[in-house]
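We begin with a single chain expressed as structure tokens, specifically the form predicted alone.
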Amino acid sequence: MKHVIVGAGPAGVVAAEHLRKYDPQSEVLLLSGEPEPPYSRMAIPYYLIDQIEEKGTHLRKQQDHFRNSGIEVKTSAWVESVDAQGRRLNLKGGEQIGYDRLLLATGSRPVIPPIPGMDRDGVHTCWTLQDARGIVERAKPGAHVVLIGAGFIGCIILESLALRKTELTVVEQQNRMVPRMMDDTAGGLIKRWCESKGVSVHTSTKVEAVEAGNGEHPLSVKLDHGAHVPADLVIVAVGVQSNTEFLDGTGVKTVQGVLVDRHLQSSVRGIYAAGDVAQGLDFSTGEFSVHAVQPTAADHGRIAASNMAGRTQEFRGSVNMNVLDTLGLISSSFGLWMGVEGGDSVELHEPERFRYLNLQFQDDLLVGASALGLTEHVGVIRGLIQSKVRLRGWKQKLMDDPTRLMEAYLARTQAIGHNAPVLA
């Protein structure tokens, strides 16, 4: 049996290692379109602030890890198309590789908005190690940097740029920061926090063009309200999209990503998908979504490998969960953080302390939450949502005081575990 994995990020690496464990007699080939050893994009911010060297981004630190594990890694192997009927991959340069089972772990790529000047020298995305090298070269202390986008990825990059002591301006077209993770109140608090740390933040603002600068700075970013922001470096972080174009003509169904079933198998037998490219079951909604976070990628890789090796295992669905550190202010969101129709909610808002907590209920189930400046409840919130434990009388107690999450979790899980009477 020959297992081929396209993509050497967390999903691909976890899958390769589990395939070797589950199917020790098989051949496992891991293909990467980049020239680097398998690495984690989530480690790039630490490289940008000099906390780690490049090798610190590598997913496995031992030099011979993959060879010693019986996993062949082929770098600079860009897959241009897939012959699903013939079970072959066509690589850039003409090479063909056959497979018995195929895992698509090709991840996603940055979206480049249709703004004039995106092709100018000094305009970067921050997605690959190659991108990071270019940013390190230009983002010197005192350099003027414009970051386009203040979503989850943008805010991760924001911290790195601020810690590099650049003169940083952030432009976000939505009315708040991290709009897909935080509501108006929490997003506004994050903005105020960043401004208190010396970062200039423009929300409800669009970039109209990146133009030539005035000589002192090579670039000038034109905003829709007429202002021009001088820049030595412009970084674009407005979102990502799954890498699926090479699947045209294969019969593999795609929407936002590759549609997969509960076994992570695509619409074509023998082809699986995992990570940012997989559109899998959403635990909270029962629909199929792309959850581009590393914990989901690792879960996908493990379960896909099990099924590829003939060990049937179902995926229960991924919980939409994000945890973000923005210059020391921790924010998090879970599940249906925006609420459900007909549901109840409770909010704790302490703006002077940069603390915020919002809980969302459906009947007496906790289905979503968002928090700012509160870290002690992260595991508890996820546990309550994933376990779908009935809160019973504890729902009202949380409506009265949402900080009693730990008490609620212990009371309800212990009651169920010990077959105790249901709380009134």
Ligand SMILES: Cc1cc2nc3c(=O)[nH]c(=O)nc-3n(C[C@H](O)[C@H](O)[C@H](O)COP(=O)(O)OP(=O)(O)OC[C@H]3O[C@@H](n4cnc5c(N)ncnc54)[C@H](O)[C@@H]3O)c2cc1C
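Residues carry their position along the shown sequence, with the first being 1. In this text the structure is predicted, and so the values were computed from the model without any measurement.
Although it is not shown, the form predicted together with this ligand is what the next lines describe.
| Proximity to this ligand in the model of the complex (heavy atom, within 4.5 Å), stretch among 334-342, 111-119, 269-277, 203-211 | Careful reading of the contacts points to 269-277.
| query | Within 4.5 Å of this ligand in the model of the complex, do we find a heavy atom from each of Glu287, Gly317 and Ser387? | reply | No, none of Glu287, Gly317 and Ser387 comes within 4.5 Å of this ligand in the model of the complex.
| query | Could you tell me if Ala297 has a non-hydrogen atom within 4.5 Å of this ligand in the model of the complex? | reply | It does: once this ligand is placed as it appears in the model of the complex, Ala297 has a heavy atom within 4.5 Å of it.
| request: Determine whether any heavy atom of Asn243 comes within 4.5 Å of a heavy atom of this ligand in the model of the complex, and answer yes or no. | output: It does: once this ligand is placed as it appears in the model of the complex, Asn243 has a heavy atom within 4.5 Å of it.
| Does Val378 reach this ligand in the model of the complex, with heavy atoms at most 4.5 Å apart? | Close contact is absent here: in the model of the complex, Val378 is far from this ligand, nothing within 4.5 Å, heavy atoms only.
| message | How about Val6 - does it come within 4.5 Å of this ligand in the model of the complex, if we only consider non-hydrogen atoms? | response | Output for Val6 is yes: heavy atoms within 4.5 Å of this ligand.
| said: Quick check on this chain: which one of Tyr99, Phe283, Trp127, Trp193 has a heavy atom within 4.5 Å of this ligand in the model of the complex? | reply: The residue from Tyr99, Phe283, Trp127, Trp193 that makes the contact is Trp127.
| query | Pick from Ala162, Val73, Leu329, Ile153: which has a non-hydrogen atom within 4.5 Å of this ligand in the model of the complex? | reply | Exactly one residue meets the criterion: Ile153.
| request: Enumerate the residues of 94-112 that have a non-hydrogen atom within 4.5 Å of this ligand in the model of the complex, in sequence order, or give none. | output: Contacting residues: Ala105, Thr106, Gly107, Ser108.
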